[in-house]
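The chain that follows stands alone, in the form predicted on its own, written as structure tokens.
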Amino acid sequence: MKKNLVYKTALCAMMCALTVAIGFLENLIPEMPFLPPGAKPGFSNIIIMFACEALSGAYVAAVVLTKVLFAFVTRGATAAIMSLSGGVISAFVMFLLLRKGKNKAGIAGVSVTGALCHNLGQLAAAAFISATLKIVYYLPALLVFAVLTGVVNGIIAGAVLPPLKRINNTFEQEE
């Protein structure tokens, strides 16, 4: 029991570190003039998907909150609110899909659904922060961007997650 707790905590810490590192690298990507402000590829969601499969909900929440804290420290309160609103909804939905409906949705479907939920959560937060519903004009571009990045991240996750799962299973069996 203790060994499993130590392993899960260490794995969670690695997932937190990876999301921060990937988030840092994504912040270096310049904004594209044809995309909504702040649109990023969301590569750290690949890590969230792995955490959703390998860890309990509490650990997944810790990884998401680490991303939020990083956004707050590096980009301020507004970025943290945006990260929180998109990240919590996205992680919750991906957690449910990966635990209950993966065979139906596939990893790319989970990724696209997570990206859509993330963008919708952020759009709702932006509407609340700006106190205007005119922000909804970004919705079509955000939906297209979410599908594109969700597919790309799903393809990457399809290649990266199986070896990570094998490693994870090996460590869990050593208990």
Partner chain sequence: MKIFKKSDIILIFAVLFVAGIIFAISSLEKGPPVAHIIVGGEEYKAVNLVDIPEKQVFILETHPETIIVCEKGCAYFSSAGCPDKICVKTGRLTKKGDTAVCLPAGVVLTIEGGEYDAVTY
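Quantities reported herein were computed from a predicted structural model and do not represent experimental measurements. Numbering follows the first chain given and starts at 1.
From this point on, the text means the form predicted in complex with the partner chain, which you will not see here.
Item to check | Contact at Gly106, Tyr137 and Val151 by the partner chain in the predicted bound form, all three, heavy atom at most 4.5 Å | outcome: Answer is yes for this spot.
Next on the checklist: Can you pick out, from Leu55, Val68, Ala126, Ala62, the residue that has a heavy atom within 4.5 Å of the partner chain in the predicted bound form?
Outcome noted: Only one listed residue qualifies here, and that residue is Ala126.
Next on the checklist: Please tell me whether any heavy atom belonging to Ile89 falls inside 4.5 Å of a heavy atom of the partner chain, as the geometry stands in the predicted bound form.
Outcome noted: No.
Checklist entry - Is Ala17 a contact residue for the partner chain in the predicted bound form, using a 4.5 Å heavy atom cut-off? => result No.
Checklist entry - At the 4.5 Å heavy atom threshold, is Arg99 in contact with the partner chain in the predicted bound form? => result Although the partner chain is absent here, Arg99 would stay clear of it in the predicted bound form, with no heavy atoms inside 4.5 Å.
Checklist entry - Is there a non-hydrogen atom of Glu26 within 4.5 angstroms of a non-hydrogen atom of the partner chain in the predicted bound form? => result Close contact is absent here: in the predicted bound form, Glu26 is far from the partner chain, nothing within 4.5 Å, heavy atoms only.
Item to check | Residues within stretch 144-161 having a non-hydrogen atom within 4.5 Å of the partner chain in the predicted bound form | outcome: Contacts from 144-161: Val144, Val147, Val151, Gly154, Ile155, Gly158, Leu161.
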